[in-house]
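What follows is a single chain, given as structure tokens, in the form predicted on its own.
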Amino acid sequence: MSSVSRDKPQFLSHLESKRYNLLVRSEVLRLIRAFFHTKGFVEVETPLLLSTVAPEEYIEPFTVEGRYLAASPELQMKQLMSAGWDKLFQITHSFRKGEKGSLHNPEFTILEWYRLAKELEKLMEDMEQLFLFVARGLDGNAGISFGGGQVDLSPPWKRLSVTEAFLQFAGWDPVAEFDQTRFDIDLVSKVEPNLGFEKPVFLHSYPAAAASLAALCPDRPEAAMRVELYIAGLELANGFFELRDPVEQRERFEIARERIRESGRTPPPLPEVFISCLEYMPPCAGAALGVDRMVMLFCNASSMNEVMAFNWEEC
């Protein structure tokens, strides 16, 4: 019997083309876990199907059988911190409607961690050490090649306030005079494209109105204790020194729910259990990091699709 040679289907060839990046992804995940275990963090798992989620104007959750698919494990991990843990991390999937594009997918992988802290600095040090640990674990180097340039990951990284960044690249201060639409447009079009080349940059001290779960700066209440990490113009992580006042948190959630109504959507119920836990939560900081984007950096990839086995349209 003669053998018949057949070309593989295109979808299998497509998967084969991702083999190297998926091997890098596997190693990045292993190294992330190794880093946090080495630092004394406990890995936890929280549910993906929730009775309610944090109401956020710009995040629309999926619903399944009357429940919400988690957009983040944040509320549940903070409840664990309120119950007496001091260092927690989790790698999980998150789900958000409308998240499509080279840097977005409606289902994506997120790393979140929370630690006892008195300020944001410890959280930024975690990020510096994590990326350096992963880089050295992959090829022994302290830098990466991305988008045609070289980025040195060795600490310390640059700290830049939102006020400083916007005055330099957009010509105004959104902390002193906040305009949500102008802030969103200028951040994406004028500020972010200039951040994190040669060295990563922490953008910190966000306008209070742009940080619904962050505590306010004690010496500047119009600014919030929020930080975002940028490498080569790519936003990688978002961190807060956590708000612990249940009254203020309820007020912020109610404002967010009203804005959701104004947009034509139905807001989720208030997360009452979470709010009630806040008075027991110790001073702490937490961060959310996009794992798919992190893998993009280490693969020198231009889109998340290149580092995910299957994107939204392929499954």
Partner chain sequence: MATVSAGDLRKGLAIEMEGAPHLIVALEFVKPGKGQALYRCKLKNLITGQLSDRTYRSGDTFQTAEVRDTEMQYLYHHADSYYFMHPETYDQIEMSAEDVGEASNFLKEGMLVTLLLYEGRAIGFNLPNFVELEITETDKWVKGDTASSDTKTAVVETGYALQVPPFVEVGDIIKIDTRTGKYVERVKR
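Positions refer to the first chain, counted from 1. Everything numeric here is computed off the predicted structure, so don't read it as measured data.
Not pictured, yet referred to below: the form predicted together with the partner chain.
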For this session: Please check if Gly101 has a heavy atom lying within 4.5 Å of any heavy atom of the partner chain in the model of the complex.
Result: yes
For this session: Examine Ile59 and determine whether its closest non-hydrogen atom to the partner chain in the model of the complex is within 4.5 angstroms.
Result: yes
Problem set entry | Gln180 within 4.5 Å of the partner chain in the model of the complex, heavy atoms | yes
Exercise. Could you tell me if Met225 has a non-hydrogen atom within 4.5 Å of the partner chain in the model of the complex?
Worked result: no
Exercise. Which residue, Glu125, Asp152, Asp245, Asp184, has a heavy atom that falls within 4.5 Å of the partner chain in the model of the complex?
Worked result: Asp184
For this session: Could you tell me which one of Asp86, Glu164, Glu107, Glu235 places a heavy atom within 4.5 Å of the partner chain in the model of the complex?
Result: Glu235
Exercise. Based on heavy atom distances of at most 4.5 Å to the partner chain in the model of the complex, which listed stretch, 133-141, 226-234, 156-164, 87-95, is the contact stretch?
Worked result: 226-234
